[in-house]
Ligand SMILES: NC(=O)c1ccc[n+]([C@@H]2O[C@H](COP(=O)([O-])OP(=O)(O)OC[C@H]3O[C@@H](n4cnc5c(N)ncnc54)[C@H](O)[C@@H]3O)[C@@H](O)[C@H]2O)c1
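To begin, one chain is listed below as structure tokens, in the form predicted on its own.
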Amino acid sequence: MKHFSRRSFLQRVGEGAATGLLLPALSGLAQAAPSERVRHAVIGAGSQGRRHAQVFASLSDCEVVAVCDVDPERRAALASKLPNGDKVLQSEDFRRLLEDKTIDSVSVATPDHWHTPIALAALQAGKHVYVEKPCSHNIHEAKVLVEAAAKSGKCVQHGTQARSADSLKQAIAFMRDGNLGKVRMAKAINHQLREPIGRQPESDPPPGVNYDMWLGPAPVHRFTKNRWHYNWHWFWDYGCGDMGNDGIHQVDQARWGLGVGLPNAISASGGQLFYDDDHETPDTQVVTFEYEHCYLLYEMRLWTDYPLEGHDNGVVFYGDKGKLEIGRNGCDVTLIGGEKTHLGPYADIKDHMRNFLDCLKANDPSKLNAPVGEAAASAVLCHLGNIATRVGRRLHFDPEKWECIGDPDAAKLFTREYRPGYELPALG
């Protein structure tokens, strides 16, 4: 089976991180002296950025010293809730934070189209990076980010926090030990109710907002409330639909459990069966990723809430001796002829951030639970699923070269045109 350069590509960025072990000398820190505290900055003050700030600030050996957002109200509100709020550096421009040599690390919790550009600039400035999912807005960016991380030697942790859950590691080990028999398929399920967003007219941005900075590398478009906080996910210029937003968690877990990297072929269909509004991205999507000895299926329904199937978003691994289910209620295994057995709880993002800080302080990316190589692989699967959906045909993919075979229309969606002044930073 091809493992998307699992021997070549992931080795370049320290594939040993797949073990997910905490560094024992650092994982149990109680009260760290000020000189031992990591000085952390949060870029993006939306719901996930606020979560980053809260959790990092709660760790005894970390201090959140700066926040960045183009919305002055959100960044001020976030700073005010931090323990040292009156001393927190606030800025609309992330570059100001990166110029501060006392800052050790950054969270990138912005819209998707800014994830890779800011992560690259942070690496260029010598910072360690915790980047939210998906780590890139397109396939080209994922490849560039992997190369930059390897060149910098810094830690780049991806926001797929389930990889830090002991119960998931144990469940996947249980499966890989052959207890489910031969596993030939995993199904990544993203089903939830996301209400329609309606239609919003073009207008001026809110007072004090640097909207040009918010657009960044994306094409210029007049402001609308639906292209703003959170709803930007549903526009291709800024987001990756819900496959890249929420579905990437399930895709990542399915890929992790199957032990695969990039696929040989991708087929997909999707569209809007529910929405009739400003959405550009699908509310319904089915994708099949083909590997030599197994399939990874992705199914998305944004119009059926969790109770319909009795669980929230999750992954089901199918073997000829039984099945393993992973969801936010934890891990369950059901062997043929047996009863369902609960294997343990789901993930806590605090464990994931703890792992990031431990690796950062040891300057050892190889122990990251969700390193950039794994991040890129899962992001690329989501991009390939969206591309196959958008062009409406099966794609043949070269997992070694990262190239789509014989489909120039699909290949065009592997990257984007960057607005002058907002090109991708390059590590020298």
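Only a predicted model underlies this, so the values are computations on that prediction, with no experimental measurement involved. When you see a residue number, it is the position in the sequence shown, counting from 1.
The next section is about a form of this same protein that is not shown, the form predicted in complex with the ligand.
Asks: Taking 4.5 Å between heavy atoms as the contact cutoff, choose which of 122, 142, 109, 149 touches the ligand in the predicted complex.
Replies: The residue in contact is 109.
Asks: What is the one choice in 311, 187, 350, 74 with a heavy atom within 4.5 Å of the ligand in the predicted complex?
Replies: Only one listed residue qualifies here, and that residue is 74.
Asks: Only one of 126-134, 294-302, 278-286, 76-84 has heavy atoms within 4.5 Å of the ligand in the predicted complex; I'd like to know which.
Replies: Heavy atoms within 4.5 Å of the ligand in the predicted complex occur in 126-134.
Asks: At the 4.5 Å heavy atom threshold, is residue 399 in contact with the ligand in the predicted complex?
Replies: Outside the cut-off, so no.
Asks: Are any of the heavy atoms in residue 213 no more than 4.5 Å from a heavy atom of the ligand in the predicted complex?
Replies: Yes, residue 213 is a contact residue.
Asks: Does any heavy atom of residue 233 come within 4.5 Å of a heavy atom of the ligand in the predicted complex?
Replies: Yes, residue 233 is a contact residue.
Asks: Can residue 222 be called a contact residue for the ligand in the predicted complex at 4.5 Å between heavy atoms?
Replies: No - in the predicted complex, heavy atoms of residue 222 and the ligand never come within 4.5 Å of each other.
Asks: The ligand is absent from this chain, but in the predicted complex, do 44, 114 and 245 each have a non-hydrogen atom within 4.5 Å of it?
Replies: Each of the three qualifies.
Asks: Taking the ligand as it sits in the predicted complex, which residues of 156-187 have a non-hydrogen atom within 4.5 Å of it? Please list them.
Replies: Going through 156-187 in order - heavy atoms within 4.5 Å of the ligand in the predicted complex - the hits are 159, 161.
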